[in-house]
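Next up: a single chain in structure tokens, the form predicted alone.
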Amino acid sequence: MTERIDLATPAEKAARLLSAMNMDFFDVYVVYSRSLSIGVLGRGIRDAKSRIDLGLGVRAYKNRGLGVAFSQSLEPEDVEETVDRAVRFARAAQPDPYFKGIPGPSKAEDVPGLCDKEIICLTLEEAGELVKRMIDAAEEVRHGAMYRGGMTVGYSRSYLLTSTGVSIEMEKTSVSAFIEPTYRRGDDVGSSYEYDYAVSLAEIDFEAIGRKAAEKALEQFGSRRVKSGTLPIILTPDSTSSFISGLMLAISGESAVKKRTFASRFLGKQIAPQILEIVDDGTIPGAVASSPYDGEGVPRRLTKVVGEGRILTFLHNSYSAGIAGVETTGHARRDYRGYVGAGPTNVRVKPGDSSLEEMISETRKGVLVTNASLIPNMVSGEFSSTIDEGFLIEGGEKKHPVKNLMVGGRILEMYRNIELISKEGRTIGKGFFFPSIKISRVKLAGG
């Protein structure tokens, strides 16, 4: 993964052409990315793939009308054609009353540790050996599983030029790995998964991923049904991640400020007990969601999103910030095809005072939820999900795993019913942190 492609020359050519075309605003975004992926299915490696993506995107504004065009070629004639199309579209577009402009230049502090040479130079053969280490570690715990999983490593460089004077280049690497073993014992099935992701290969312990996945899968043998009812649940960090992610998406960008999400009307309002605090920080060195700038060239910064249970801010790009009449929070996301949205970076939930063990021991009857998707409908806030992995709690003790158990309701009711937050948790990719969370009352549907 050592190829070096010139991004600055086509970006500067596009900017020169646009400067001569009497546009009110414009930006040019050029991206080169390469990824290697290894897929696992059945007893071992299924496939190995290498993918390169290259593109130049132009956004041009005239009288508040937006024209967008992109090309997957950086040849001079294709750059010219892309600029011409964007300008034609902008001149024909209807004015957008919400558009206020695009950001100007700002100096960001460097964020170190975002690019790993080992990933850039990794071969498919070397990646395959790393995946085999996950499988071998799982096999040492128990032989004979069927597997699903794999790993992906990526490298990307981007170059952004705007009519307002922004000129930035960024590069980053990433690696993710997961494995899901499934064991059979007669008619009984035990299945689970484990994962990790990071900026550098050295941070991923492939053997630990395999071992932990196998151990968790074996714990799922002997699952039983649980009767329907309203009970407390305890989310372990991986389930907390899903729980928090739904809220973060609902307070991001245009949808939030245009009243299109379940959280839109709760800015400045209490949604949870005072023990809940959430920050978003895109400046953490070496963290998987960090970068010096966002997708519009605005410096990243630490943002307190929820304080003492109250939503303090939405996550903005310049467009949604203009609608709300506030400054952008530096959360723009973009691709070269013209999409510019907004979303979280490294999300961290403030630890509480309890331990997970204390939460369990103080629960007369409830469910420990170790794997469930708790992303609600973004408009209504309602959700209904299977608890893919969990355990019945009785008499303050973790009992047998549960099966065919559903959890549902309104996500903001779950937030209001937060009772305890653990003092320990899981750090993911150096930037994310999720503790365990106890919720006092949740509707469960079993059989």
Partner chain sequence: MKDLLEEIVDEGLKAGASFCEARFFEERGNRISVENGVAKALGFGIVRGVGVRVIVDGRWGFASTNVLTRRSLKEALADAVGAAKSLAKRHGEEAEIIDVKPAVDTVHHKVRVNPEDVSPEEKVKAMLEIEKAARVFSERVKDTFVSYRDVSTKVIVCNSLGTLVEETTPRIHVHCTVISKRGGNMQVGFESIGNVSGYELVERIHPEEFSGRAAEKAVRLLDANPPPRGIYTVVTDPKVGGLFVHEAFGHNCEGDLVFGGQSIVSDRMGKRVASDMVSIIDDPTQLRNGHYVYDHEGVRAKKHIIVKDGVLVSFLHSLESAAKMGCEPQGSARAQSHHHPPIVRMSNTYFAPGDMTLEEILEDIKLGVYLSGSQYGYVETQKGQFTCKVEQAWLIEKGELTVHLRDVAINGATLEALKNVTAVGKDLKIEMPGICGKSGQGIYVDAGAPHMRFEGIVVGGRK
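Residue numbers count along the first chain shown, from 1. Worth saying up front: this structure is predicted, and the values here are computed from it rather than measured.
Another form exists, predicted in complex with the partner chain; not displayed. Remarks below refer to it.
Here the chain stands alone, but in the predicted complex its contact with the partner chain, taken as any heavy atom within 4.5 Å, falls in 331-339 among 331-339, 235-243, 287-295, 310-318. With a 4.5 Å cutoff on heavy atoms, Gly396 does not count as touching the partner chain in the predicted complex; it lies far away. Taking the partner from elsewhere, Asn346 is found to have every heavy atom lying beyond 4.5 Å of the partner chain in the predicted complex. Leu7 falls outside the set of residues with a heavy atom inside 4.5 Å of the partner chain in the predicted complex. Contact check for Ile387: a heavy atom falls within 4.5 Å of the partner chain in the predicted complex. Residue in contact with the partner chain in the predicted complex (any heavy atom within 4.5 Å), chosen from Ser167, Ser156, Asn377, Gln270: Asn377. Among Arg301, Lys304, Lys258, Lys100, the residue placing a heavy atom within 4.5 Å of the partner chain in the predicted complex is Lys258.
Although the partner is absent from the chain shown here, Glu125, Glu129 and Lys443 each have a heavy atom within 4.5 Å of the partner chain in the predicted complex. In sequence order, Arg34, Ile38 are the residues of 5-38 having a heavy atom within 4.5 Å of the partner chain in the predicted complex; the partner itself is omitted from this view.
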